[in-house]
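So this first bit is one chain, no partners, the form predicted on its own, shown in structure tokens.
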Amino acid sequence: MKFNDKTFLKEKNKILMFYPYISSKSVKNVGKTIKSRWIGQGPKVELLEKKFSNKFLNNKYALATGSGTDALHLSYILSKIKKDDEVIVPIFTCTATNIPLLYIGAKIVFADIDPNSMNICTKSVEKLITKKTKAVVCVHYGGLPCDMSELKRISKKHNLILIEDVAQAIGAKYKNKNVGTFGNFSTFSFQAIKHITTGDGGLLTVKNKDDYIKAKRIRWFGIDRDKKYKGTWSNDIFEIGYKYQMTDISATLGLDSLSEINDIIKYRRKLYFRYLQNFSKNSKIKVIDDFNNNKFHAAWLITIAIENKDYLQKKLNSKNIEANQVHFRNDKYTIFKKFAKNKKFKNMDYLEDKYLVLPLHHKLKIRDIDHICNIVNKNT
């Protein structure tokens, strides 16, 4: 597969942080879908669910959604998380991980990060468990798996539900097993700049048939669509439902890219390891990676930590290279502040002003990475 085609136009000659991956097949195939009977939720959605499950989950109970956030909210509902239940979550993540808990009225309990991976710190998690703790949510930051053996151990010991947010880590593996297969529930994102995109979208995987049937129902207003189309529905809604389904137009984009996912991940990892090679002799740069041999990095982000982060970011921008932090500690947002009052997060505090995300996507070439690294190395 050839990347870096001529359709990549650098905005004002900038090297961009992100660029959506759209298969060359999709222009034709999306057109076919638009001309078909099904443009909303239809057979393409079911096909994406099946193919994604076969590829990464070996689990037939998967539901495509309108976003990764939709999938997370559904997972929290299926976990029977209720008002005032405590849920342990990473302090450092996209707000989408934690905002659906506000819908429910759950008590968010922030855990500190591991300083090497910026994933949830398992030691912090265990210290936070109380009688009110219902679930633990982990996020595989940037494509690097969390310490799933330890999280599984903790969850089993304390009878907690374990939920994996795999939004950034499609294709990542822990001990040769795909992430998204360890938790009671797992969610994925197909948002615009993820490994593959459906424009916006997500996917939820569950472990049993009863949860699957319920998830399908509340994904669509609380209506059993299958029974409705067969004329056997009771014409009653007995639980709150949502409009969280994916469309066939979106699913067509996803199916085309999914067929190329191995090449996508392989190329992203090639760029990632080129960064590592270029930074290997610079003691002032710490790459956010625990370099654990049990982990297969899916290379969604390359994040570094340096003392002069602000200066370096401005220097890169002056050279038309985008760099930013992408995600921020959630307790700094007004909506979450009450959950972190009078609490300290030593590792997050240390890294808060030091981490920086550099460009990584399929439109970049090795020479682009070398150019970026040359500027970084000269200015650290």
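Source: prediction; values computed, not measured. Residue numbers run from 1 along the displayed sequence.
Here the subject shifts to the form predicted in complex with a small molecule, a form of this protein not shown in this document.
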* Wondering, does K295 line up within 4.5 Å of the small molecule in the model of the complex on heavy atoms? -> no
* Asked: So in the model of the complex, does any heavy atom of S189 sit within 4.5 Å of the small molecule?
  -> yes
* Asked: With a 4.5 Å heavy atom cut-off, would you call T93 a contact of the small molecule in the model of the complex?
  -> yes
* To do: Decide whether T97 counts as a contact residue for the small molecule in the model of the complex under a heavy atom distance cut-off of 4.5 Å.
  => yes
* **Candidate from M118, V139, M246, V179 lying within 4.5 Å of the small molecule in the model of the complex - any heavy atom** => V139
* Asked: Among the candidate residues H73, R268, R219, K194, which is the single one with a non-hydrogen atom no more than 4.5 Å from the small molecule in the model of the complex?
  -> K194
* Structure fact -> Per contact check vs the small molecule in the model of the complex (non-hydrogen atom within 4.5 angstroms), the hit among 109-117, 306-314, 251-259, 162-170 is 162-170
